[in-house]
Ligand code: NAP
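What follows is a single chain, given as structure tokens, in the form predicted alone.
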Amino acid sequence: MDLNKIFADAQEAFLFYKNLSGKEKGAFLETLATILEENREEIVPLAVQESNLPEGRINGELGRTVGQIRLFANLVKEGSWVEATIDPADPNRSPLPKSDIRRFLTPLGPVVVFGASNFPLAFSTAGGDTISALASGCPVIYKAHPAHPETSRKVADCIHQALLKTSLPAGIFTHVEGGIDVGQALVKHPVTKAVAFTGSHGGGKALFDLANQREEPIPVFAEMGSVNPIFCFPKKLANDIESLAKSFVASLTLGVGQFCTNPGLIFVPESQAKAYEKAIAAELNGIASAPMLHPGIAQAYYDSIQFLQSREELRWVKVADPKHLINGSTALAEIKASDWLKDNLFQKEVFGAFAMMVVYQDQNDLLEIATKLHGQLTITIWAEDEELKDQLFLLNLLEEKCGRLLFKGVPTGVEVGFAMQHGGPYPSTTDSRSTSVGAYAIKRFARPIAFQDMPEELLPDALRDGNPLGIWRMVNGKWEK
């Protein structure tokens, strides 16, 4: 594998692809979506076989993948995402004339994307990171995840079919396989302009550190998971204890607990702790163990459980049973808030269907917990409306600790849309300003550039007089179309 050749091809393709219109990029993405749907009967069985995930889940994931591709296709066809901003010249301004300045977002260049193990389609080869980079105008060098190689190769073939069908350079997308050394070489290559990653904290932080050691540091958008805490208030639990136990367990065990939004931490008031623990335990007892993604993930899950069992602060309500190593069984431990607060270890993510129930006594406990809490993808609050009236300070604290704050439902289930934020303060991600799901994911792979007094005929269409693209633009501080 000649990485220099791969990146040379990607850079050459970039200089062509970046200048395509949004309609042309959108046509390529729409073609890809259609080709993926046409290959559903081949893709789904491969992904099922390699991931141990059920056929229904994979079919749904392929639908989500196609849906997000079409979302980005429509986004770039409409075109306003580039944030075109124009401050027209004023030659008569005193004491000095005012220059004409026009600004918009332009793609960064070749992007390296690392696939995720737990989503063989939606966060992998043609997943959100790849598609948002392609939509922005950036070529992608995709590092396949070793957990589902055949699925990845098949989807990569679909991408190349779409490039061929729309007469675009093959260098716009390259599929690469290999170990850690290959991944490191991709990040260190001087042509790489950004990196996207979904996976463990250790993996994401290593890539982030590597990128910042380069002669030219580059952004790394690493989504590294979180424990997605749920804060329960007394009246809400008292009123809905059974339904909230069902909701919590359903979210905890979805996909055998292998979701980055899996709620692995729940804070429960002492007054309701025994009743809620009993309700949760009853629900957990009805959950059968199921195969995890691969033996390595299952082994890591049981190793984490075994380590936690050595901590005397924890009381085990349900212990995971590693009888069949590939199968992930549920586990629940309880701890007092005073003990939880003493050790950051209790905030560490356990990737699987394990949760820690933290019993708090009063408002002071909640404020101390919120202050100590690490950055999260999501935080959920279960409370009656009247219980939140005097909680503005707590809510402000929690707002600082997450990317998505929920007041109903559970954190699993990440809507692919325009308002979704899937990213949060460190250590959940390396850049809390970004999202890996939804329309704003495209802005990770673009940078602002301003043109001062550029001749009209040289300006990009998005910035020309008369607004030939018909997009929303800010002109003299006012939005217009």
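Don't overthink the numbering: it's just position in the shown sequence, from 1. Small disclaimer: the values here were computed from a predicted structure and weren't measured.
This protein has a second form, the form predicted together with the ligand, left out of what is shown; the following refers to that one.
Only one of P139, G328, G115, G128 lies close to the ligand in the model of the complex, with a heavy atom inside 4.5 Å, and it is G115.
In summary, among the residues S247, S80, T85, S200, the only one with a non-hydrogen atom within 4.5 Å of the ligand in the model of the complex is S200. Heavy atoms of S243 never reach within 4.5 Å of the ligand in the model of the complex, leaving it off the interface. In the model of the complex, P146 approaches the ligand with a heavy atom inside 4.5 Å. Contact between P263 and the ligand in the model of the complex is not found at the 4.5 Å heavy atom cutoff. In the model of the complex, the ligand sits beyond 4.5 Å of every heavy atom of L345. Stretch 291-299 is the answer when you ask which of 394-402, 380-388, 291-299, 159-167 has residues with heavy atoms within 4.5 Å of the ligand in the model of the complex. Contact with the ligand in the model of the complex holds for none of G60, E150 and L254, as no heavy atom of theirs lies within 4.5 Å. Although the ligand is not shown here, in the model of the complex the stretch 346-379 places heavy atoms of E349, F351 within 4.5 Å of it, in sequence order.
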